[in-house]
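Same protein, same chain, two forms; see structure 1 and structure 2 below, as structure tokens.
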Structure 1
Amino acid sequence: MIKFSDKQLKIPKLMRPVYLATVGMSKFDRAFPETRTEELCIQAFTAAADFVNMTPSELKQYIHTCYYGHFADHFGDQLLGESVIHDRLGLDPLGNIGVKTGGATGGSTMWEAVKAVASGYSDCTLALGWERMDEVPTDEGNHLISAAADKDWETPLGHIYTGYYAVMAQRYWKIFGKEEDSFRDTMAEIAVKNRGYARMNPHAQAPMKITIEDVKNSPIVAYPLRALDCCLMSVGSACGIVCDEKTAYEITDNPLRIYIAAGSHTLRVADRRNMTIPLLPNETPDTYKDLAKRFPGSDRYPGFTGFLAARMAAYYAYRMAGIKDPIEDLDVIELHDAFTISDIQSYEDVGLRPYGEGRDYIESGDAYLTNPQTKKPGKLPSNLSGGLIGCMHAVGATGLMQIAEIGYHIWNRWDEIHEPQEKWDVFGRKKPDDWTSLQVKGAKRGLAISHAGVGSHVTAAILMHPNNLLKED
């Protein structure tokens, strides 16, 4: 059994407060044959400048260090892509570095940027990510992405991530879903919800008005996962700029506090060693004393059904930010819904529900902006952007897109970003006749989870309005 030392469980401390000053993103799509990667990154940076009423040249004057997230060199046939983007943004000779942690690349890029400011090395850093996934066929793209699994032990079993998650879905369904048909409907409901929310987002790649039956009847990829259970392959860019307090207030009169932490776990899913469940602030030892009795087969943690990396990222981040109960203390979240099953797993890893009870977060209506059962506001709406299933998964940009979307809610500027007809027109997309605001009213705090592979790397980023902090520095 793995045990942790007190030093390993020490809660990270930022040496000074860090603020998110602005964010931006490009349009996301399956392919941009007419647009270079550099142009998409410039679009994201320009959007960040526009958001704080600056020109890109004015905003660049504040930046001291740059972190660039880009997962797969294979796709664009370009090594050191960060140097190319840095050059095109006109940021030489500032120091820059590339970050790669699979699907968590965007979140990890922000993690590094925050630490640079927190340490005092820089007063203002740029975190920018992108992915170019349209220069190879989809089957080859899936093959390349799957190389982020352990090539010796996991890759020979499928060479496609859907296959890896299908095994976890089967196991979770058997143990916690108790092989009930209703659990399959709950998985499908996530796809319906997230693709439906994507309809209100002009940046989103795959908005769809679908039903549970549509999901269950879509083509099988790896049982029980079907095409509509799976995330997108996308092209696009997103960014965020973080600063110390003084610099943040020079850029904007309304920056947000940001806390971020990370966790990891082995790529070798079959070799995950048993351990005691690390408890979050809203859990006690009694929470799981009868878990194996209630759910036979759940006696090993994390097994095939949980993500230790996500649990550890939340373990650190919640205590850094003063979160006691995420359902009560947070107002909006963006989770890494690479597959409908991983979304359910994440509900438990980050403490929205105890292990084994994740499905209730969806079934209760808590995950919706408006609870479909009570018609009242959902307790903690998730993935209002459309998530990875409905909006995008341009890997290096994904975690940064999620942070941006959380920020728009807390800034109370979600409508400003998603409603204007001009943006829909520029992006060449039809605004739905039933377009509806998804702004979470009065949002003060939010969480974004950026997740890699089968849980090898995870970051948890918490944004808060400075007037609504939960603990003193």
Structure 2
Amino acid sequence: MIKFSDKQLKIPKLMRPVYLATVGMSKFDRAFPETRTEELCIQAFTAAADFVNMTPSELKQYIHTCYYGHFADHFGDQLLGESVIHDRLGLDPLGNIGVKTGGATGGSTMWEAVKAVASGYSDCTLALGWERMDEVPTDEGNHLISAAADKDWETPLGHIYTGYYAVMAQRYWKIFGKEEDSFRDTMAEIAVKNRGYARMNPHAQAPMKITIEDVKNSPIVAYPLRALDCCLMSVGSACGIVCDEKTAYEITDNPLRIYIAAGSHTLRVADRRNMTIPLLPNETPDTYKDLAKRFPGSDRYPGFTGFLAARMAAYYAYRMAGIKDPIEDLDVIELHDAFTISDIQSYEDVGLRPYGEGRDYIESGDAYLTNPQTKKPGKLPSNLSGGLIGCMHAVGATGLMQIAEIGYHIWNRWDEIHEPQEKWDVFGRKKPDDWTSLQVKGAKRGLAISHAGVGSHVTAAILMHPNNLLKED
């Protein structure tokens, strides 16, 4: 579609408030040759039980329906992998279903779990996701990933997904980045920032203390993208449990409100048609009246430079939750930094900056916990987990890891998850001598964006402390 009816633009409504009661994550790594997937899922679920001082069997007593996010069956040589995990978690005979929306699988799994509670069908649902891409040779893995593109029109062209994706980065780099060295540095800064934050996260797979020069000197993957501009390939699991108000307060005295919405766009970038920009609450038609003048070549929307699915997820979610301006109303954010350049693109899609000006979110220092220029707290710190670039991208778990990380900040319990020496030891990782807390002080509201591939699916999940809602139910 290129025109949307009022019915299609209806602001999604949850029929009753939904709360996030607890979350959990496993260790994340590139490969676990001596660990079965279920062991990682049980690790994540047990962490969620621990977080609310319950045993796993006590927590299971509350669950009524289960949603499992796992994208790439063909990597694991196992259809109905969801059933395997469901059984190993000991949750039979509860109803369960698998969710698959590429990179957005984790977010979409939560989207389903929330709706089941909102409708009254269930009072408590489990959203649990995982992925493992380590059980095939790398070139076969590249082929299997490319199978998420169109099998007749794209996959035969190189069997390499990066190629289908990076053409968008190229266009953004030329039109909005104007091929400037300063823009290249800003891209690199994201890689430095997120890998640096990952150093404080024992779950994270690729913590690194690096410089902008390191990123710019790393091997070229597909110009302008270099190895250190790209996200990880990971194995791991994450989960969240959502409830109605009564059940949530039985599990914990401090549940968070959750709102979530989804958008979509064509699987083949080739099929994108021109349309007018759907506006977020902090934009007016004037915002874009001279866009094509300022950025010659930007006359197509979304063209190759915007992600309509992300824009629509934010369009729905902000209005659902009463967000007028994400920079002002939110305290912490986790974005889908698949590539440094797509991270910049998504700042615009979700309205942190208008289209064309995404780089300023980094350059202003707003995206940092501590603004490097003013030394004051950043306005809206992003990807303190390390993101997909520094922490992990275990596809079906990614969106749930992001939601968990946002939750830890609002619960003011980030340190408890990331600091203990015992956890670093159990995960076999060295805690850095300069470990520092990344807890966002006084965080009340946060956003997690879960995004698939070239932008076929995106979800926007908003968490709020119940005392700090922006809109009446």
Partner chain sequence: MPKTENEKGFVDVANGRYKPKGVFHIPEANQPIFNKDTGKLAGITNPRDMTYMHSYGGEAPFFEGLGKGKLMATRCDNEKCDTKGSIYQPFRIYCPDCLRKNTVIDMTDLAKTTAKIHSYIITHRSGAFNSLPKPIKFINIEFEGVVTILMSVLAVGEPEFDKKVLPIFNTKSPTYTITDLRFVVEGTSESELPEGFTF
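Numbering for residues begins at 1 and runs along the sequence of structure 1. Nothing here was measured: the structure is a model prediction, and the numbers come from that model. Here, rigid core means the biggest group of C-alpha atoms that superpose within 1.5 Å across both forms.
Source of structure 1: the form predicted on its own.
After superposing the rigid core, the Cα of residue 209 is displaced by less than 2 Å between structure 1 and structure 2. Once you line up the core between structure 1 and structure 2, the Cα of residue 273 stays within less than 2 Å of where it was. If you fit the rigid core between structure 1 and structure 2, you'll see the Cα of residue 246 move by less than 2 angstroms.
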